[in-house]
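Shown here is one chain on its own, the form predicted on its own, set out as structure tokens.
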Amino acid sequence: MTLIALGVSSSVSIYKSCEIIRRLQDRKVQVQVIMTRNASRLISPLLFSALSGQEVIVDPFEDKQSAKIAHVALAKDISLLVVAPATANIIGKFAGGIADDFLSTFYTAVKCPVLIAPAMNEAMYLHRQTQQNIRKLKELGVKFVEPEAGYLACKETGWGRLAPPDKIVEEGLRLIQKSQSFKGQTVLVTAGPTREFLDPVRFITNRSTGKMGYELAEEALRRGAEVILVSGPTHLFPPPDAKLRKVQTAEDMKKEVLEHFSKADVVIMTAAVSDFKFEESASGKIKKEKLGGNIKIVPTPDVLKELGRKKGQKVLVGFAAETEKVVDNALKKLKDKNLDLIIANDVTAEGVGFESNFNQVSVVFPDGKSVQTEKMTKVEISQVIMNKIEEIVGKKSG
């Protein structure tokens, strides 16, 4: 049976959490309730225990909970964390990484999807700090069921009323279904730049930070895939469950990708692999006066084209960083390398792409059709891309 953790914080709309439990149980879902200390002062945990059939977790320091608290074992068992109602306080804790009770500590430990349903006074909900916290969590991949306008506990009408329980439950179940869409499949993702060395000090590289590839690896994990992440040099923390393979050069990238290619169902070549390398690479630093003007460069191996020749039933996705005729050039690359999909972006556009948390891309298909996104966070772009890949996988397997 599917297990969901329901986080309950101290909003007056706490009574609606009872209905959420019932609706989930009607869908054959088991519910483990986690209450904040202040929430337990509004409604007794005994009520939620009686409804859920599970002992409610409140205090992380109680001896009777020690078996569950060790390494936050519960986090390994749940398919979804829903926080409804979520106060400004608990949203702020999640956004700030504060872990001072079971619910906030639990949030930092879960690897499953997280769904938050805010409920508070309109002034608190619209406060710039609350909205900043919500935006930050959305950028981290947390989903929200937005509150509605209506009559509030403060006897005023405005935004901040908890979304209907039915809506929260349906969105939660949709996220669970989405989190299983790549279960049993292996996704190979390349990310970041490569470095082509002239000597131990100097090298050719590019502006890629690896963030787009890392977000795609994270999204694939959220959908249940086993992920192999082949990464050039970055300053990013890799997704904890991805199998990370670090590389430096295009040759290194080729070696790692080919080693793991046979076991992959989907290959997403996000990395900005250098097209050129130095013809010769010195073992020691070349003195400036000896550099001269005849440094020769040669092409690096075209890994993507090689994969296109041997892909079989695998789904192969490429990326194209362009400065002109973005879609046309991307489509040409797609056909030349036998890709199923290519993601193109204009690297001259300000505020997106390289060295940014945002992107705006064109998703280009083999038939020449393309879909352009709005400016979005790279988290959101990764979801758009994985949705398209999911459709292609479905067509190939169907």
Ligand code: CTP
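Since the model is a prediction, treat every value here as computed from it, not as a measurement. The first residue of the sequence shown is number 1, and the count goes up from there.
The same protein also exists as the form predicted in complex with cytidine-5'-triphosphate (CTP); that form is not shown, yet it is the one meant from here on.
**OP:** Using a 4.5 Å heavy atom cut-off, state whether L115 contacts cytidine-5'-triphosphate (CTP) in the model of the complex.
**Re:** Contact with cytidine-5'-triphosphate (CTP), no.
Subject >> Heavy atom of T87 within 4.5 Å of cytidine-5'-triphosphate (CTP) in the model of the complex >> reply: T87 lies outside the contact set for cytidine-5'-triphosphate (CTP).
Original post:
Looking at the partner-bound form in the model of the complex, is D302 within 4.5 Å of cytidine-5'-triphosphate (CTP) by any heavy atom?
Top reply: Contact with cytidine-5'-triphosphate (CTP), yes.
Original post:
Counting only non-hydrogen atoms and a 4.5 angstroms cut-off, does G318 reach cytidine-5'-triphosphate (CTP) in the model of the complex?
Top reply: Output for G318 is yes: heavy atoms within 4.5 Å of cytidine-5'-triphosphate (CTP).
**OP:** Answer with one of A220, V273, M212, V189: the residue that has a non-hydrogen atom within 4.5 Å of cytidine-5'-triphosphate (CTP) in the model of the complex.
**Re:** Flagged contact: V273.
**OP:** Could you spot which one of V230, M269, L216, A225 gets a heavy atom to within 4.5 Å of cytidine-5'-triphosphate (CTP) in the model of the complex?
**Re:** By the 4.5 Å criterion, the partner-contacting residue is M269.
Original post:
What stretch, of 140-148, 319-327, 88-96, 159-167, brings heavy atoms to within 4.5 Å of cytidine-5'-triphosphate (CTP) in the model of the complex?
Top reply: Looking at the other structure, the answer is 319-327.
Original post:
Mind listing which residues of 324-341 have a heavy atom within 4.5 Å of cytidine-5'-triphosphate (CTP) in the model of the complex?
Top reply: Residues within 4.5 Å: K333, K337.
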